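Let's start with one chain on its own, the form predicted alone, as structure tokens.
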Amino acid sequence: MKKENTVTVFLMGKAYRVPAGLTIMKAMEYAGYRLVRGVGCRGGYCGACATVYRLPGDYRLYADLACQTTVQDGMYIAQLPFTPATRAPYRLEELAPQGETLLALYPELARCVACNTCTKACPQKLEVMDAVQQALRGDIAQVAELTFDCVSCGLCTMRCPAEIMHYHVWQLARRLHGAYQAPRSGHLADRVGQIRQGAFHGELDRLMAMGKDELAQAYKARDIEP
């Protein structure tokens, strides 16, 4: 491989020459690191490849996901498998779908100084600070809407000076919204009714009787929506 087609990156403090254009994740694998646990596209959960890095001549500390960030020459990289954040204990069926519920379980929300650091740190480009403000206003549905694409990487929480446990707040808001506020899906109720009436027992019995090779062939031949 020609030298001009590679860049130098530092993984765990050690320099490696890797092909230019790779994502951080693929560069790590090229260098010999096996990502066999945690990472969503490697059999774990999405958001587990959170990464912080510095660039040559730049004092700033950047945060992003290794699966979507391209390596740059001289990049110093450190992996963060998760961001420690205490989850408040609760039983969903005992909670009310009210804004006060969010603040009662996560009072640090009130410490938000609207610095917008959380938004700048978000690799999904979510309006994180806006979601915090909606949580303070008690609008659970809006919090759920704004954070729908959150992958719980924790980078916003890591950078927050108010020490807000963002992704735990978002999970609670989405659970409250889904359990109490969101309209019920008619077609889902119909399908659940069909399952309870045994409409698919025959098909399940047929699949259970198949061997491994036959199952693999049926899987490859299945109808896939465009």
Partner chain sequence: MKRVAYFPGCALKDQARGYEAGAKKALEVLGYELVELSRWNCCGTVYALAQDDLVRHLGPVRNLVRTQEMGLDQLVTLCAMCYGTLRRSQRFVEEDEERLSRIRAFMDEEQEYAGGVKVLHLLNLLRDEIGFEPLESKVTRPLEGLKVGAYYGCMLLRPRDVGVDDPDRPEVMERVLGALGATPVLFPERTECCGAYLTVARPDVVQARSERILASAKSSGADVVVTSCPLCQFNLENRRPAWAAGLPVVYLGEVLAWALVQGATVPEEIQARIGKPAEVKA
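The shown structure was predicted, so the numbers you read here are calculated from the model rather than taken from an experiment. Throughout, rigid core stands for the largest set of C-alpha atoms superposing within 1.5 Å between the two forms. Positions refer to the first chain, counted from 1.
Same protein, other form: the form predicted in complex with the partner chain, not shown, and the subject of what follows.
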property: Contact residue in the predicted bound form, from Met75, Cys150, Ile140, Met129 (heavy atom within 4.5 Å of the partner chain); result: Met129
property: The partner chain in the predicted bound form: contacting segment from 116-124, 67-75, 150-158, 82-90, heavy atom within 4.5 Å; result: 116-124
property: Contact of Arg184 with the partner chain in the predicted bound form (heavy atom, 4.5 Å); result: no
property: Any residue of 52-78 that, in the predicted bound form, places a heavy atom within 4.5 Å of the partner chain; result: Tyr59, Arg60
property: Large Cα move at Asp58 between the shown form and the other one, threshold 2 Å, rigid core; result: yes
